[in-house]
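Encoded as structure tokens, the following chain is the form predicted alone, with no partner shown.
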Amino acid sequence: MPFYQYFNGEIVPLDQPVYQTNDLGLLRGYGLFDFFRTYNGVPFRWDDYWQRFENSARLLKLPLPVTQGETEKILADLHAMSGEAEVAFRFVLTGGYAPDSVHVVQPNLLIRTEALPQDNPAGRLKGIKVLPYEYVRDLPEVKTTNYVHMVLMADELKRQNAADLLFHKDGEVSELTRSNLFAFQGDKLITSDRNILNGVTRRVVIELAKADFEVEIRPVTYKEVITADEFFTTSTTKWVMPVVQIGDQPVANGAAGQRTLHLQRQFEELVARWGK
């Protein structure tokens, strides 16, 4: 069955055009999004994702046209219409149509149903390479639609067989383009708390890690990362993904670390039983 999308009160086929060309998301890049998925047919950590979406909208001064309860009904309808056991949802909230190309009149809300993203079992086992990139996102707490640096570097990432960019500036790391970062120093796990998007998978991993490790949530230096015993990244699509190389430099021995793999297994067990 085909996927569907919700746009400003209507559910239509996913391939139906919905935006007009004077939307502030197109003209000014004024928009935000969020992305999450189901496990066992149940949206994962729905309250957390909604709160983050709500916070992003508040910071961009965009009023939400629907409540959380109304959105739950929309998600249930879209999921049922897809005919799929598991789906992903992408929320997009833009500044809407602006006659003067500047001022917000009424935001546009799009909710897309999508096929689940391809996972990367080889990457989870062997780890990935990232490239250091000097940059800090503007409005990092907002999941904006601005991914210009990732797109600009896409060919270079491919050329160097790298999976992502590691953002750093003034000796401090923040995040990857689409995920949060963690580093192990022995049994101490550190993760950045500045200039980051507050990832939901990050929150879950912190909750899991506290049972077995000392967890420090604080600014993290670039030196701490490149000299770490283990380094990994987390997101909705990456889950817990070991990072084994930063640019030309391997992390420790260049293999996925046992502590990282332990947290990876814990996360996989959690989502396997989600909603049951």
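For clarity, every value in this text was computed on a predicted model and none was experimentally measured. The numbering used is simple: start at 1 and walk along the sequence shown.
Quick note: we don't show the form predicted together with a further copy of the same chain, though the next part is all about it.
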Which of these stretches, 43 to 51, 209 to 217, 223 to 231, 23 to 31, has heavy atoms within 4.5 Å of a further copy of the same chain in the model of the complex?
23 to 31
Verify the flagged residues 5, 94 and 139 against a further copy of the same chain in the model of the complex: is each one within 4.5 Å by a non-hydrogen atom?
yes
Answer yes if any heavy atom of residue 112 is within 4.5 Å of a heavy atom of a further copy of the same chain in the model of the complex; otherwise answer no.
yes
Quick one: is residue 122 in contact with a further copy of the same chain in the model of the complex, heavy atoms, 4.5 Å cut-off?
no
At the 4.5 Å heavy atom threshold, is residue 160 in contact with a further copy of the same chain in the model of the complex?
no
Though only this chain appears here, would residue 15 touch a further copy of the same chain in the model of the complex if you measure heavy atom gaps against 4.5 Å?
yes
Given that a further copy of the same chain is left out here, which of 116, 154, 81, 74 has a heavy atom within 4.5 Å of it in the model of the complex?
154
Given that a further copy of the same chain is left out here, which of 203, 149, 194, 188 has a heavy atom within 4.5 Å of it in the model of the complex?
149
Heavy atom within 4.5 Å of a further copy of the same chain in the model of the complex: which residues of 165 to 198 qualify?
178
